[in-house]
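In the form predicted alone, a lone chain appears below as structure tokens.
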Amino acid sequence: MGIEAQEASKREVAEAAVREVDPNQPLALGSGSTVLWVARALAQRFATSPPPRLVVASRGVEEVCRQLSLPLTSLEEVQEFALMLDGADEVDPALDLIKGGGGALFREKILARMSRELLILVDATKRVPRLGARHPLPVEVVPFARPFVQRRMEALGLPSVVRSRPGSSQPFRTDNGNVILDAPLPAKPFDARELDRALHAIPGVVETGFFLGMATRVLVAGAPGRVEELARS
């Protein structure tokens, strides 16, 4: 899928998701390029009426929301979200996810845990037969603990690399000031839940990019004008 077609797919799936938004309920947004299309679709849908209040997982998307005059609030003001809209790096047949390509996995997971429904928006390239088929697993780590965590991860069979800032040799820093370790997942079958528990047991690990059993539904943009809905069984 070319870049133009991929952006058109993101726009279509974002517009489909925004039709489900209740303006009277606070809305959680994740991060990434698809969520930027969600913000634009929200601004368009609510151009002449009050939009929902938003809590956003990344500062980058938050800034775009400000530019679009979308109202932002904080977790101090919200106890629960009816809906969260977010993208994903991978979606497997069970609707388990890998997220964190944009580095906002910790904040995204907090918002997802606060949401009654997590609606994931992807194009068809994000569907995979197994997690790790195309994308490494991001792991957010406290910088001081990074060498220790990398050694522990390697002992689990997960050698990793420190993510760099685009166009730089300097480490990428999350909005929380942490670093990201990207670890290719094994090609042989593995238990994602067991591996997630083992990673969380390592001191210094803040969060992993495994989003297991969390997505309620997934909207997939395929051919032009066609959005498929996948629901958790």
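The shown structure was predicted, so the numbers you read here are calculated from the model rather than taken from an experiment. Position 1 is the first residue in the sequence shown; the rest follow in order.
This next part talks about the form predicted in complex with a small molecule, which is not shown.
Colleague: Tell me, which of Lys126, Arg130, Arg152, Arg146 has a heavy atom within 4.5 angstroms of the small molecule in the model of the complex?
Modeller: So the residue touching the small molecule in the model of the complex, by this definition, is Lys126.
Colleague: Go through 92-100, 72-80, 152-160, 111-119 and give me the stretch that gets within 4.5 Å of the small molecule in the model of the complex, heavy atoms only.
Modeller: One stretch meets the cut-off, namely 92-100.
Colleague: Is there a heavy atom of Thr208 no more than 4.5 Å from a heavy atom of the small molecule in the model of the complex?
Modeller: No, Thr208 is distant from the partner.
Colleague: For Asn178, is any heavy atom within 4.5 Å of the small molecule in the model of the complex, or not?
Modeller: Because no heavy atom of Asn178 falls inside 4.5 Å of the small molecule in the model of the complex, the answer is no.
Colleague: Please tell me whether any heavy atom belonging to Lys10 falls inside 4.5 Å of a heavy atom of the small molecule, as the geometry stands in the model of the complex.
Modeller: Output for Lys10 is yes: heavy atoms within 4.5 Å of the small molecule.
Colleague: Does Leu105 make contact with the small molecule in the model of the complex, using a 4.5 Å heavy atom cut-off?
Modeller: Leu105 belongs to the contact set for the small molecule.
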